[in-house]
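Okay, so here's just one chain, in structure tokens, the form predicted on its own.
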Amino acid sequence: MHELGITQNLLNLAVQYAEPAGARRITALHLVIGELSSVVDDSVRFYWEFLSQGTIAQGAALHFERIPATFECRDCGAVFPRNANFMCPACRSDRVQVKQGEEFYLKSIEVEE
């Protein structure tokens, strides 16, 4: 459900940048979504369909780039992909922190002038 607000903000952001640049139409948005961000592509697409109606972004394609989660061990500094127990595979420490995978941002937009 939180995708409704997220999608509204994406639309506002895209229009905010496209209109002053003289764009007649937004044709595509490129989004980056981390594995741990809990944003669901299909929900964003669903909300995009009706929120963008009647705007310069109506019909714009949504492209999703997924970023896998990685963790960094606070004890030995090893960087590793997500695993079942969130423990460092090098030293078995559970003192780990997320290094990437929580991202969610609008990377770029494509427009017609």
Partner chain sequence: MPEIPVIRNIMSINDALAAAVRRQLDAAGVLALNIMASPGAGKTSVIMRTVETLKSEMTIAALDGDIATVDVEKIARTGIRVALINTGGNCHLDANMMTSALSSLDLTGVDLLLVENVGNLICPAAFELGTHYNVVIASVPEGDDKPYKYPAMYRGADVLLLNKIDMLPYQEFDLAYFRHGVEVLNPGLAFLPLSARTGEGFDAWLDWVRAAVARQRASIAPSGKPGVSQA
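Owing to the predicted nature of the structure, the values given are computational and were not obtained by experimental measurement. Throughout, rigid core stands for the largest set of C-alpha atoms superposing within 1.5 Å between the two forms. Positions refer to the first chain, counted from 1.
One more form of this protein exists, namely the form predicted in complex with the partner chain; it is left out here, but the text below deals with it.
J.: Note which of Arg45, Arg82, His63, Arg66 lies within 4.5 Å of the partner chain in the predicted complex, where distance is taken over heavy atoms; exactly one does.
T.: Here the answer is residue option Arg82.
J.: Can any non-hydrogen atom of Leu36 be found within 4.5 angstroms of the partner chain in the predicted complex?
T.: Leu36: yes, in contact with the partner chain in the predicted complex.
J.: Closest heavy atom of Met87 to the partner chain in the predicted complex, within 4.5 Å or not?
T.: Output for Met87 is yes: heavy atoms within 4.5 Å of the partner chain.
J.: Just checking whether Thr27 would be counted as a contact of the partner chain in the predicted complex - the rule being heavy atoms within 4.5 angstroms.
T.: Within the cut-off, so yes.
J.: Is Cys91 a contact residue for the partner chain in the predicted complex, using a 4.5 Å heavy atom cut-off?
T.: Contact check for Cys91: no, nothing within 4.5 Å of the partner chain in the predicted complex.
J.: So which residues in 77 to 113, when you check the partner chain in the predicted complex, have a heavy atom no farther than 4.5 Å from it?
T.: Stretch hits, in order: Arg82, Ala84, Asn85, Phe86, Met87, Asp94, Val96, Gln97, Val98, Glu102, Phe104, Tyr105, Leu106, Lys107, Ser108, Ile109, Glu110, Val111, Glu112, Glu113.
J.: Once the core is aligned, does Asp41 move its Cα by at least 2 Å between this form and the one not shown?
T.: Comparing the forms between this form and the one not shown, which are aligned on their rigid core, Asp41 does not shift its C-alpha by 2 Å or more.
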